[in-house]
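Next comes just one chain, in structure tokens: the form predicted on its own.
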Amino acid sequence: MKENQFIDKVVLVTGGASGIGFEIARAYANAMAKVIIADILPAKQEFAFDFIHADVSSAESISTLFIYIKTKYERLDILINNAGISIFTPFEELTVTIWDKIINTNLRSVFLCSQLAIPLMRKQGGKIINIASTRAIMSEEDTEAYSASKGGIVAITHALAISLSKYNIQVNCISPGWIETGQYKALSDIDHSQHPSGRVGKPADIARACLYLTSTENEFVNGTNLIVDGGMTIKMIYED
């Protein structure tokens, strides 16, 4: 990867206050980008970034966020649509309120943020990364709303890649598998060994994937869904 390519690039990470998003933000900050974290929760100031309180389930809050970016930075080079929530509820008990909360936070936010990013990317081009999930293509029970939101992210990604190509904006998504954001050392040997790669994923695995997809050398990678799951979704599993 070309050195120093992210210096002074303006990077927005939604849901960047913790977990995967925080590690993504750290990776770009370490690469000397100008990082903006937008989250409903505060973020620890472990590295240099600009924090904006934003609720991505709210169209008004997203609009305010992008007005701020336009006023302060006048451009946006990289958008990481990472914000998301998961609420697993038995399907027969799934309410419209819960459904709308998940869809609005996980999927509608991708639509709104990507749309508002266009004027800030149009002049110089840009990169959009949407964080989906392997649950877009495989499921456990009681994950209907979450799976639907992530499947929608995969679909809107390839649609946006076509629609935004005229602005030299590349759009890709990443589908993480099991990425442990809590106590990694507390995981069992079975947790790790069931993965073909021999371990459970870490947030840094997704951060490195973002750096790869947003590299200036990788503009030919466009509209794809990069699965980062240690090989779990290609593993055939039979019960004994």
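Start at 1 and count along the sequence shown; that's the residue number. As the structure is a computational prediction, the values presented were derived from the model and not from experiment.
In what follows, reference is made to the form predicted together with nicotinamide-adenine-dinucleotide (NAD), a form of this protein that is not presented.
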Decide if the three candidate residues A54, G84 and T105 all line nicotinamide-adenine-dinucleotide (NAD) in the model of the complex, where lining means a heavy atom within 4.5 Å.
-> yes
For the chain shown here without its partner, which stretch in 184 to 192, 66 to 74, 36 to 44, 207 to 215 has non-hydrogen atoms within 4.5 angstroms of nicotinamide-adenine-dinucleotide (NAD) in the model of the complex?
-> 36 to 44
Flag A132 as yes or no: does it have a non-hydrogen atom within 4.5 angstroms of any non-hydrogen atom of nicotinamide-adenine-dinucleotide (NAD) in the model of the complex?
-> yes
Check whether V11 has any heavy atom within 4.5 Å of a heavy atom of nicotinamide-adenine-dinucleotide (NAD) in the model of the complex, and answer yes or no.
-> no
Contact label in the model of the complex: S18 to nicotinamide-adenine-dinucleotide (NAD), heavy atom within 4.5 Å | yes
Is A31 one of the residues lying within 4.5 Å of nicotinamide-adenine-dinucleotide (NAD) in the model of the complex, judged by heavy atom distances?
-> no
Across 145 to 174, the residues having a non-hydrogen atom within 4.5 Å of nicotinamide-adenine-dinucleotide (NAD) in the model of the complex turn out to be Y146, K150
